[in-house]
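What follows is a single chain, given as C-alpha cells, in the form predicted on its own.
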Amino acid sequence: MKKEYDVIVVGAGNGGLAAAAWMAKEGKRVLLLEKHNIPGGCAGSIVRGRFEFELTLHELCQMGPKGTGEVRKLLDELGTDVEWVAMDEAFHTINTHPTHGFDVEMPIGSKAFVDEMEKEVPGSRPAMENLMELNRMIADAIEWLASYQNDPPKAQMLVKWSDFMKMAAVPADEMLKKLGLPDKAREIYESYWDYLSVDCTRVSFVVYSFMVYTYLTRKPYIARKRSFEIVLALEQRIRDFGGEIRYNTKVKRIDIKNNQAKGVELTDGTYIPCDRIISNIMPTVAFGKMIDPKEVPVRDRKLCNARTLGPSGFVIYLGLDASADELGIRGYDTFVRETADTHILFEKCKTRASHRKIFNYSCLNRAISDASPEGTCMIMFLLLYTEDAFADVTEENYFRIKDQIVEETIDYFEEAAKVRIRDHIEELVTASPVTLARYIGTPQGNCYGYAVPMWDGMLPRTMSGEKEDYTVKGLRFCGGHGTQMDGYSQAYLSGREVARYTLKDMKEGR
C-alpha cells in the first residue's frame, strides 16, 4: 500500500481515542486500528437480564464545570457531546478493625472535608487546614507545569516552586505524619490509595494530594450514560475530523527498522506504511511481542524491565431486585478494609490467600437514580491484586475459585456495611484477571498500567515524556500505562499529550 496516513494509532482504548481525536482535529490523516468490534477497551458496559453494568468506571478526576479542569477542557476542546453528572460526595470509608475501626462519609469541598474530619477526629483541624493549603499550592504548581506542556523553564521552576519540588520526593504517608495529622485523620485521608497502583508509603505526596484535592475542589464526575457514552463521543469526533477507524483489525507487528517506525502489519498480512505510530498497547507487550527483538533499543528494554506492573482486578457485578434505599446502601463509592494501614493492605493484596477483606464498591444508582429499572439497583465490587495472584489457577479449579471469592466478598460486605443483599441478587457477573488478560491483552490482566513508585510517578514521567520516555523515532505510547499514570482521566490526558509530542516531532522533522 502507498503511504496514506500521517499517523497510525494502535488500539481504541481511552488513550488511543483521545490521541486519534486530537491528531485528527489538527488536520492530520489518522488511521485508528482496533482488534475488537467496538472501541473503548476497559470503557464499556455489559447487559445481563434487565441490568446494564458499567464495566470499570467509578468517576473522573480533573473535571469540573465547562472550561475548568484539564480533562473537562480536553473533552470540551474536542467537542465531545456527553451529559455529565457531578458528585456531591468524596467517599464513604469503612474500617472494620476491632479497636481502631470507623465508618465515615466524607463530603466534597475543602472546607466541608476539614469540618467533617474535625467532627470525626477532634483536634485535627489545624493540621488539616495546613494540608489543604499545601494541596492548593500543589494544584497551582501542576497547573503551571501544564501551561508549559510539562516542559517549563527549569530555573524558574526551581525558584518559583522549590517547596513543590521538595515535597514531590516525599511519600504521602511520611508527609502527612510530618504535618502532624492524627493517625485516624491520616487513615481516613488515605482512603483513596487504591485509585493509584501503590500504597501511601510508596506514592509521592504531591501525586496523592493532587488527586484528592482535585476531587474535593472540582468534584468527581461521571457520564450519565456510563463510560461508553464518552467512548462513542470521542469516536464520533474522530470521524467528524476526517479520521478513519477500522474495527476487527488486529495489528500483528509494529515495523521498526534502524530505530525508525516504518508501518504496521495486520494479522491478515496487510502492510500499512506510516512513519508515525501511537501505541495504546503498553510498551511491555509492544516491545515483547510486536516488534522484532533485534530492533528493540537496549534502553527501552531496560526501562520496561525496570517498571513494575500495576494491579489487576477481580470485579463482581450484582443486579439487585430492591432499591438502594430499601436495602440501606449508603454512598456511591465506598472503601471497605480490615485495617487502615495502606502498606499492610498493599501487601495483603499480593495473594488470594491473604486478600480477604479489602475491596471497594460502587452503587451507580446513588449517582444516577434511574441507572437500573425502578425498584432495583446495581453494585460493582472491585478487588485489586498487586501481583499475579491467579498464576496457580487451573482450568479445573477456575470457577470454584471465582465462586469462593464472590461468596467471601458478599459475606464481608454484609458484615461491614450491615446490608443484606443475598436474597435480592437477580444477576451476578464476574471478571477475573484472566478475563481482563484475554480481553485487553495485558500481562496478568493488568488494568492499572505500570505501578507509580517514587522514581516512576507522574512527575518523573511527564517531565521526561517528550524526549526521554522511549527512544524509537516515530513511535510513542499513550494510555493508562503512560506518562500520566493509570485511570480514565489520565489516559485521556496522555492521549492529548502524546498527540502534541507527535505533532511537534512532525514539525521539527524528528
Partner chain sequence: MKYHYKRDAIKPLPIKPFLNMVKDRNQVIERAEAVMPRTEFNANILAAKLHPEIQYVRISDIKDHGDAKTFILVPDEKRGTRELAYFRAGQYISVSLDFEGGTMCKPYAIRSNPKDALGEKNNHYMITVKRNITGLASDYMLDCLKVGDELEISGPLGEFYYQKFRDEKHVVALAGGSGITPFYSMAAAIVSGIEDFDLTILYGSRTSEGILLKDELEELERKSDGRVKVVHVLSHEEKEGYEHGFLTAELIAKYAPEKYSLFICGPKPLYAFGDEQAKKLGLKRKSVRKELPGDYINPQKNEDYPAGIEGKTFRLKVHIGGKITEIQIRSDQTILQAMEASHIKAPSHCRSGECGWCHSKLLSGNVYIPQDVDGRRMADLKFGWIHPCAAYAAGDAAIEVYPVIKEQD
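Model, not experiment: these values are computed from the prediction. Residue numbers count along the first chain shown, from 1.
Just so it is clear, the following notes concern the form predicted in complex with the partner chain, a form of the same protein that is not shown.
Student: With the partner absent here, would N248, T284 and F399 each sit within 4.5 Å of the partner chain in the predicted bound form, counting heavy atoms only?
Tutor: Affirmative, all three are within 4.5 Å.
Student: Is it the case that Y412, even though its partner is missing from this view, gets within 4.5 Å of the partner chain in the predicted bound form, heavy atoms only?
Tutor: Flag for Y412 set to no.
Student: I'd like to check something about T99: if you look in the predicted bound form, is any of its heavy atoms closer than or equal to 4.5 Å to a heavy atom of the partner chain?
Tutor: Outside the cut-off, so no.
Student: Classify R422 as contacting or not contacting the partner chain in the predicted bound form by the rule of any non-hydrogen atom within 4.5 angstroms, answering yes or no.
Tutor: R422: yes, in contact with the partner chain in the predicted bound form.
Student: With a 4.5 Å heavy atom cut-off, would you call F228 a contact of the partner chain in the predicted bound form?
Tutor: Within the cut-off, so yes.
Student: Heavy atoms within 4.5 Å of the partner chain in the predicted bound form: which stretch among 49-57, 65-73, 471-479, 23-31?
Tutor: Residues of 49-57 come within 4.5 Å of the partner.
Student: Using heavy atoms only and a 4.5 Å cut-off, determine which of D321, E89, D275, E118 is in contact with the partner chain in the predicted bound form.
Tutor: Checked against the cut-off, the match is D321.
Student: Find the only residue in N258, T267, S369, S147 having a heavy atom within 4.5 Å of the partner chain in the predicted bound form.
Tutor: Selected residue: T267.
Student: Going through 78-95 from first to last, which residues have a non-hydrogen atom within 4.5 Å of the partner chain in the predicted bound form?
Tutor: D81, V82, E83, in sequence order.
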